[in-house]
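Take a look at this single chain, the form predicted alone, given in structure tokens.
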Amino acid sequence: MDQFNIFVRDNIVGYLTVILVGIGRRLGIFQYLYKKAISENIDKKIESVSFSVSELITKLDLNERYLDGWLTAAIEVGLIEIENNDTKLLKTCPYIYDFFIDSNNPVFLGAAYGSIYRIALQEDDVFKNFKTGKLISRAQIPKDIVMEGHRATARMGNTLENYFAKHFRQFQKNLKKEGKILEIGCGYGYNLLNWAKKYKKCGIIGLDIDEEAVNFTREQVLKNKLDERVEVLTISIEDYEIPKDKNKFDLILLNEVLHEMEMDDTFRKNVIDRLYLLLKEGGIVLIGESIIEDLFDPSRKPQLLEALHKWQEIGLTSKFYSEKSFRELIALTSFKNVELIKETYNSFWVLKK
């Protein structure tokens, strides 16, 4: 009975937290609290943000009945707590500012939760397709959901960079002095900007076929005054050619992109061979991907995050790899040096030329 109670409680809390965070982000509650915290705590570490019910009603034009329901549930799951009963003040619980409000924080989870919430809204379509097997392309997904996904994968890109820096220290040191980086499928630029700010002497090119995403990234590049060394192009990797007066790339990035490409292995094999041609001798391709082992593989271990990722993309034209099937794919390409690096819950592939 104790195990039953724990199971039920934890699952209700988890489910409700995703719903509350998703709605809170869509209503602009967390964004408002971020702006308020920044304006009131210049040069101070922010532990929590205080606010009143009437403040949110007035500032965000929210209905009192619905807001009261949201706050009641948010208190129960540990997002919000009462600061002062007499003055009817509330505040965010410890760590909630870092987890769900400050998008610049390394432990920020808001985009990931927001992505899960938005995709859950599409479950009706998923249900219907259990009979038909119909898939949809990414071009059919609403842009705000796509952006949530890109924000979430940017966190994975950050992790990818941390692992790269740890395992390839000399390569990283050289890259910080000079070099060229190419990102395939840069999307809305969240990951690209992270790398550009870290490798301040590198020329960086981002490629994507989504014109709206590329325009957004270009705006961010200009806003961050990176346009002298960062270029973003609306073009596929198959059509991209390095200008004759330019050098090949030291590093090529694919952050949660490979599984989104056309599902045909021949197409993907040709893309990877194309990367080989664009890479300098001694260069590296870093591939951040969810590795999802076969369902009945006897050596298969629990993969909660990977299972979540697979479920999120079940209705899309996606194809994931197990370690075995990915190695089989790379064996067909020009790359002869492939390494899988695993740490905690994350992993990435390294292809060396």
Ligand SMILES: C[S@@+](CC[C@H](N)C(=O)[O-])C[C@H]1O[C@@H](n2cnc3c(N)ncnc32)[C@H](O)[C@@H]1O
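All values derive from a computational prediction rather than experimental measurement. One rule holds for the numbers: they count along the sequence shown, beginning at 1.
As for the form predicted in complex with this ligand, it is not shown, yet the points below apply to it.
Screening M261, L226, V77, L90 for any heavy atom within 4.5 Å of this ligand in the model of the complex leaves a single hit, M261.
Interface residue among L277, I235, L121, A165, judged by heavy atoms within 4.5 Å of this ligand in the model of the complex: I235. The closest non-hydrogen atom of F267 lies within 4.5 Å of this ligand in the model of the complex. In the model of the complex, this ligand lies within 4.5 Å of some heavy atom of G185.
Within this chain, V257 lines the site of this ligand in the model of the complex, having a heavy atom no more than 4.5 Å away. This ligand in the model of the complex is not approached by D98, whose heavy atoms all lie more than 4.5 angstroms from it. Here the chain stands alone, but in the model of the complex its contact with this ligand, taken as any heavy atom within 4.5 Å, falls in 187-195 among 187-195, 67-75, 127-135, 169-177. Contact residues in stretch 205-237 (any heavy atom within 4.5 Å of this ligand, taken in the model of the complex) are L207, D208, I209, D210, I235, S236, I237.
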